[in-house]
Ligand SMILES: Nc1ncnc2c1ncn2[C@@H]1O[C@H](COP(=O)(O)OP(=O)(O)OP(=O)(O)O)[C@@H](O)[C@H]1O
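Read the single chain below, which is given as structure tokens and is the form predicted on its own.
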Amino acid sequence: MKKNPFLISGYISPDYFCDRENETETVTEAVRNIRHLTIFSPRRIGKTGLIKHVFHIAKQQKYFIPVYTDILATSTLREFTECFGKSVLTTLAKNEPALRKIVKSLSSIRPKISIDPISGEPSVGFTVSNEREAAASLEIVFRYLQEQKSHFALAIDEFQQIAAYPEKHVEAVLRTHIQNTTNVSMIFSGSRKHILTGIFSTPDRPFYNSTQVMEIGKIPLDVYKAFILEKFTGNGLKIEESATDYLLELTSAHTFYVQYICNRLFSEQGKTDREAVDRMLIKIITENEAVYASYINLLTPLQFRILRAIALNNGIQNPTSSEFISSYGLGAASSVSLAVKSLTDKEFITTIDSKYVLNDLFFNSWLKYKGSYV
């Protein structure tokens, strides 16, 4: 069977990556000139794929040594230190001499060597037991980086997580280490724009005005259309241009949802027309119906009515407007405002192109499909 060219997660090579040429150049140019960079975007638009694409090219061209860390699952400075330290040391342990050097030089943090069960490559990590030990270990890792002759790009994905750590000095600690490490370019990325902008644009916070800022938007329609057509036809499958236009309209050209529907359509190995797109969308939202129904139990009646109203309108610019409130019988504007804030905090909704929209486009489609019956 032909390899499916529409990736839903992960990164393989430029052959499976659509566009982002300008963004790739921006990130690469910032890193090569040792400028720190903050990247934010709505969820599943493709910021992580962009970073890994840049890092793939960097490895081929040997521009710099890339280190990628995802801290979404961390909740304390201790967990951050272990996660970040493992990413850095595993990258540096590229051969046996380098591995021995790490073990000898960093004996104070007791590095532990293991073999990755998937790649078969050595993995180097360490364990810290408390906040004091975490801070000391983090300092050692940054100092070791500074001692290297190479130029590093350190990407910390979902960086907004540090704002929720119980330790209130994490930003100051990281900022100090980064300032003292002159051969490192930092890439901070995340999907919660209001938290990230708070970290980097609030005058009394350590990272204030310390990075170049870049927002990742959607891939242009004509570019994405050409990519989809080429991947289908290049693999001997038929897809009508009108079906591609329709698919991009249904998904609002949101990367994850375009890729997911295309992945499913490609796997059927048949002809794709508008009816096939509709059938696949209904199949997907029906498969996830139990999940969507469970969402309702997490919401108050007002929150759910607002969510459904936003879905039925394919987004709304001003959910507290009298017209919107009266059309859906939502009650007092103050109550709606609080409910919208709660839905945003719970990541049910976000703002894209100045409109409040559902984070999960398939959930949005399910609400529209069900109409007034949920």
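Start at 1 and count along the sequence shown; that's the residue number. Because the structure is predicted, anything quoted here is derived from the model rather than measured.
There is another form of the same protein, the form predicted together with this ligand; it is not shown, and what comes next is about it.
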| item | value |
| --- | --- |
| Contact at C18, R44 and T48 by this ligand in the model of the complex, all three, heavy atom at most 4.5 Å | yes |
| Contact segment among 295 to 303, 79 to 87, 251 to 259, 269 to 277, judged by heavy atoms lying within 4.5 Å of this ligand in the model of the complex | 251 to 259 |
| Candidate from I219, L138, V184, L265 lying within 4.5 Å of this ligand in the model of the complex - any heavy atom | I219 |
| Partner-contacting position among T244, S191, T74, T211 - heavy atom within 4.5 Å of this ligand in the model of the complex | S191 |
| This ligand contact at S9 in the model of the complex, heavy atom, 4.5 Å | yes |
